[in-house]
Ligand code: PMV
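Before any questions on how it binds or moves, here is one chain, the form predicted on its own, in structure tokens.
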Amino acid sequence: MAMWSAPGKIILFGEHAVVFGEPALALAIDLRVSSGLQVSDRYTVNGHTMRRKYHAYISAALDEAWEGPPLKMNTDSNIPSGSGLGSSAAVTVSSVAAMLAERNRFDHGDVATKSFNVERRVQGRASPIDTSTSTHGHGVLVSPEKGDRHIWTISSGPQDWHAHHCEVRGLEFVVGYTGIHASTGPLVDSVRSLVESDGEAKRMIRRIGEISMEGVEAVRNADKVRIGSLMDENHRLLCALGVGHPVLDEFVEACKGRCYGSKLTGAGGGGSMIALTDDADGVCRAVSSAGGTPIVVKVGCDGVRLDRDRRVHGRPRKR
């Protein structure tokens, strides 16, 4: 069975604002999901009967990318579920890639588009930042404007998102995982309601978009001080929009003095925070002392790929 794997991600800048067409920047990380398939007499996932309620992303991927007989799907993940690190995007991308490859139709742009369609169908509202980053890897800027190093465009109604390659080098992050799961859809809806009724919230969304563009230049230059400052500002704005969590704030506070900057990553309401640091051990101790699970991640990793190994090896590097 050929196994396709796709990386998780951290959103460095721009979560929630990207849904409104603002830029966002995400980095692929070295935690992955692998998926493989075989033709079968019934639909199963890891030996269990496939049910849309429990296998929503794989079921939607079949609707989007498969035309053929029933499949036996095998998946493996070392991305904590509900962590805000892109596990749903990675299982979607790896599944779509395996399905298209089985039909000799694999193409990165097609994988990204179909995977976005899957996430939008399952979540109700979505942007292509997670699925584009899981497909392409490295760093991905999603922007309403088409610029240098453009890789593909994904459209949804009147909205066009242009994805761009962003080189990542010399950066080390520690993830602080809360273990608290919050659904993306309701958080996105709550921000939308606030922005539609509050002019100050609209201004915050625009500023987050500006931070993303300023962050791209800082990442390209590996300017850790500037990246950290922008992370801190982005975190404050996300909290003001109501997607923070007291535990995330505790982790952020605990890491001060040991990192350049820190912020929640993903939808918020729990999940994880990230810290940019040269002292991973110190940040890991701080997160652990605050009651969290620290995970050291490499960034700028490969996107979706065909792996020789049949399974994802290793678990998150916790300290």
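Just so you know, these numbers come straight off a predicted model, no measurement behind them. The numbering used is simple: start at 1 and walk along the sequence shown.
Omitted here: the form predicted together with the ligand. The next part is about that form.
Here the chain stands by itself, but in the predicted complex one stretch of 263-271, 62-70, 276-284, 290-298, 263-271, has heavy atoms within 4.5 Å of the ligand. Taking non-hydrogen atoms only, S127 approaches the ligand to within 4.5 angstroms in the predicted complex. By the criterion of a heavy atom within 4.5 Å, L25 is excluded from the residues contacting the ligand in the predicted complex.
Residue contact check for T113: none of its heavy atoms lie within 4.5 Å of the ligand in the predicted complex. The closest non-hydrogen atom of G84 lies within 4.5 Å of the ligand in the predicted complex. Here is the short version: of L100, V188, M204, I211, the single residue with a heavy atom within 4.5 Å of the ligand in the predicted complex is V188. The partner is absent here, but in the predicted complex a heavy atom of T184, alone among T75, N117, T184, N78, sits within 4.5 Å of the ligand. Taking the ligand as it sits in the predicted complex, the stretch 14-38 comes within 4.5 angstroms of it through a non-hydrogen atom at E15, H16, V18, V19.
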